[in-house]
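This document contains two forms of one protein chain, each encoded as structure tokens and listed individually as structure 1 and structure 2.
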Structure 1
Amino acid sequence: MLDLTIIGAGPAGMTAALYALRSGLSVAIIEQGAPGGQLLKTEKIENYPGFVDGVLGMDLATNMFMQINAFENFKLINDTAKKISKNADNFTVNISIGTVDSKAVIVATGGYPKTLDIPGEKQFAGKGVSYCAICDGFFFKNKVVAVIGGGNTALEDAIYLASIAKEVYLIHRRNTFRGSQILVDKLKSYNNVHLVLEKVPVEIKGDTKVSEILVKDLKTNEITSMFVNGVFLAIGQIMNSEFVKDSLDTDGLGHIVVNEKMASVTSGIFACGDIITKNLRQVSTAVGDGAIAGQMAYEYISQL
């Protein structure tokens, strides 16, 4: 039996593994894809400490995995977690090809952004299309950008980008916002923010980078073109927590509820990274969450 099973090999899961491995625990990470999580979809990270010129997402993911893969007490299981069951003082994680037993479990499965599924979105991902204003906003200093959405995240993104970009267009399908009124009022105080209401994006265009977005008026069905250098999508995330919804507490958006020790409602199951309820989802915060989860899992196992 293993000491610890970690589900998810993003920056949070790999950091948790590092701390647990250095404490002498035997650790397995269950990951359905390549180690790295959202890092693999991020071309360059400019706001991770210690890299003056930024770091490529692929490079950071590779280095993180090489660091933990060097431990003899580590193994990677390429599979998908289906269910977690508690049996006395240990846990069983069901995967496609069988089960994995361990004394504790860390869930670090993260999530993925909702997409528009319109022409040009995939083509220009990382080339003007972004799902994270805080991550990529700096690249659009003094440029023209569009933010898609009407909730708090879209409003916050537009406010954040207003201090960086030359012009910000907030495109929303309704004439009212789902976000907080205080954010709406703050947004309207910026002269370079323009509300594009009752319209939806239908195509993103460009050459090597984004240069245009087509929007449809929901009243008239008229399609118009807007010049933009970047498009930021803020229409929500889908969390990878479906397999634990019956055993752990989650909020209305699917985030796992944990305390300051990254401990869930079930003793022995921890969670960290984007999958948990928190305010800021960045690589640096995922690493911090992972460090706490790995250390707390070690302390929990030590007391068994």
Structure 2
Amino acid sequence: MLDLTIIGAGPAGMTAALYALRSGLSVAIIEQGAPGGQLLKTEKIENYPGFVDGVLGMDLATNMFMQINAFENFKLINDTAKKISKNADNFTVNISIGTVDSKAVIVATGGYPKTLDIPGEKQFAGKGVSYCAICDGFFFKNKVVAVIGGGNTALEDAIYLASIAKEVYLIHRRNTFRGSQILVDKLKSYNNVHLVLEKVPVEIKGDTKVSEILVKDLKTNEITSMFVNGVFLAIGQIMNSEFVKDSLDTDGLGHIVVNEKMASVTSGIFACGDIITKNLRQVSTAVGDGAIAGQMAYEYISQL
């Protein structure tokens, strides 16, 4: 039996694995996509300490994975965790091709993008509607795009797209931003970025691809049309905690409640990264939580 199962290979899960492996534990990470999590959707991270000129999300993800993959006691299981069950003295995680048993479990599953649920959004997904600027921005070279949202993701997406697309419209429902001021200032320095404030999209239209977005002015209720080739949605995240909601404590937004040791209400199950209740969701905080979770899982297992 394994010592530790970690669910999710984002920065939190990979850091937890690093600490647990260095303490001598055998560790499996269950990850449904590629290792890296949200790092893979971020072009450049400028607020991760130690990188004066920033670091590419892809590079940081690759290096984090190479560091843990070098351990003999590590394995990556490319699958989706469906359920965690507590047995007499261990845990079973159900995945689609069977089960994984271990002495402790760390949940580091993060979230996935929220949808707006407006007409045309589903119809044009992959045909102009995107939830990942880094993945799809390339297809909009010299085209006109809209980014929806006012958080750090929307601001970073708009900055990224400003150097690819001809025009970028940032559509946000308020006139102040949830994201950092440093990103707002940077965004405003681009001549091809236009802020469309106190407005919300109400419909995405087109023929085979997106060609138009209808936006409603929240002060006047007037609806106007904007011609765009692409719509990038960055309106927040839904937590990947559905599979543990019956066994662990979650808040109203799906975040797992943990203590300062990253321990959940169930002894032996820890959580870290964006999935937990906390005030600041950053790569640096994910790495910090991950280190604590990995070390605390080691201490828990040592006392069994």
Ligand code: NAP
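Definition used throughout: the rigid core is the maximal C-alpha set that superposes within 1.5 Å between two forms. For clarity, every value in this text was computed on a predicted model and none was experimentally measured. Throughout, residue numbering runs from 1 along the sequence of structure 1.
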With each form of the chain shown alone, which structure should be assigned as the form predicted together with the ligand? 2
Yes/no, Tyr131 Cα shift of 2 Å or more between structures 1 and 2 with rigid core fixed: yes
Any chance the CA of Asn87 moves 2 angstroms or more between structures 1 and 2, core superposed? no
Treating the chain as two rigid parts, what angle does the smaller turn through between structures 1 and 2, in degrees? 56
Give the C-alpha shift of Lys166 between structures 1 and 2, in Å, after superposing the two forms on their rigid core. 20.2
